[in-house]
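Heads up, the chain below is alone and in the form predicted on its own; it's given as C-alpha cells.
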C-alpha cells in the first residue's frame, strides 16, 4: 500500500501540516525539520498526490493541445513550440490527436475539463465555440491554434493561409505555368479552403490561366501518391503543367508518383509546390518548393496568450496572424 502524508508525519514525528509545508512552502519550516521530513519520505518511498493537490488548487499544471493529425510534422513542430513555452512556465503539455474526428475531439475536450487543465489549445474540426464557452465559464481558458478566431470570441494564433495560397499560385504563374491544379481533401477544413481561395485569387489575375481542383481521399503521403497516379493516367495533353498541394505530405506523395514512373519530369514538365515546409521538403528526391509556416512560433505564442488569459480572464481577445513565406527549391523552377 502506498505511503500517505500521515505515514510521513508519523515517522518524522511532525504534524501533517508540517509535511505539507515542507512539500509546498519549505521556506516556512526549519531546515532541520525539512531534512527529517525528507528522510522519512525517502524511507517510505512516498509519492505526493499531485492530482489531489491540483483539485484543491482548482487547476492542474497541464495544458491540453488538440490537433487535427499528429502524423503531420507541422503539428509536431507546433507541439514542440507549445511544450517549450509551457516548460518555461513550469507546465506540461498533453497532446490529443483528434484525427479529424469530431467525436474524438469532443472526448478530448471532456477529458481535459475533467482533469481541470490549466487551459486548452485546439485546432478545431468545425465550430466548437459553444463547447469552449462552457469551458471558459468554468474557469478553463482556450485559444485556437492554426485557425483564426476573429468571429469566435476566442483568441487565436494562426497563419494567413489565403496569402499562402496566393504566394504558391503566383509563383507558379511567374514561372510561366498556366494550367494549375490544386490537390486537397476535406475542403470543409478552413485551412484547406483558405489555401484554395488564395490560389484562385492569383489565377484570376492572369487571363489565360486556369485552376483545376483535384480532390483526394485524405491529406497523407499515400493520398498524394494516389492523386499523382490519377494525373499520370490522363493523356499528356490534358495534364496540368503545375501542381499546388494543400500540404507537404501530399506533395511528397505526388512527387513519388511522378518520379517513380519517369513519365513526367519535375519541374520541366510539371512544377510542384507544397505547403508547411516540413523537414522532408528540403530532403525530397527533388527538393520541394513550399510555403513555410512558423510552426514552433505558433505553438509558443499560443501558450503565452493562454497563460495571460488564465491569469486575467478580462483581457481583450486577440487574433494573431503570422505571414507565410515562400521557400523556392528545385521542384518549381526550371534550370
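No experiment lies behind these values; they were computed from the predicted model shown. Positions refer to the first chain, counted from 1.
What comes next is about the form predicted together with alpha-D-ribofuranose (RIB), which is not displayed.
Segments offered: 264-272, 304-312, 64-72, 27-35. Contacting alpha-D-ribofuranose (RIB) in the predicted bound form at heavy atom distances within 4.5 Å is 64-72.
Among residues of the shown chain, residue 219 is one whose heavy atoms approach alpha-D-ribofuranose (RIB) to within 4.5 Å in the predicted bound form. In the predicted bound form, alpha-D-ribofuranose (RIB) sits beyond 4.5 Å of every heavy atom of residue 289. Although the partner is absent here, residue 118 lies well away from alpha-D-ribofuranose (RIB) in the predicted bound form, with no heavy atom inside 4.5 Å.
Scanning 169-195 for heavy atoms within 4.5 Å of alpha-D-ribofuranose (RIB) in the predicted bound form gives 191, 195 in sequence order.
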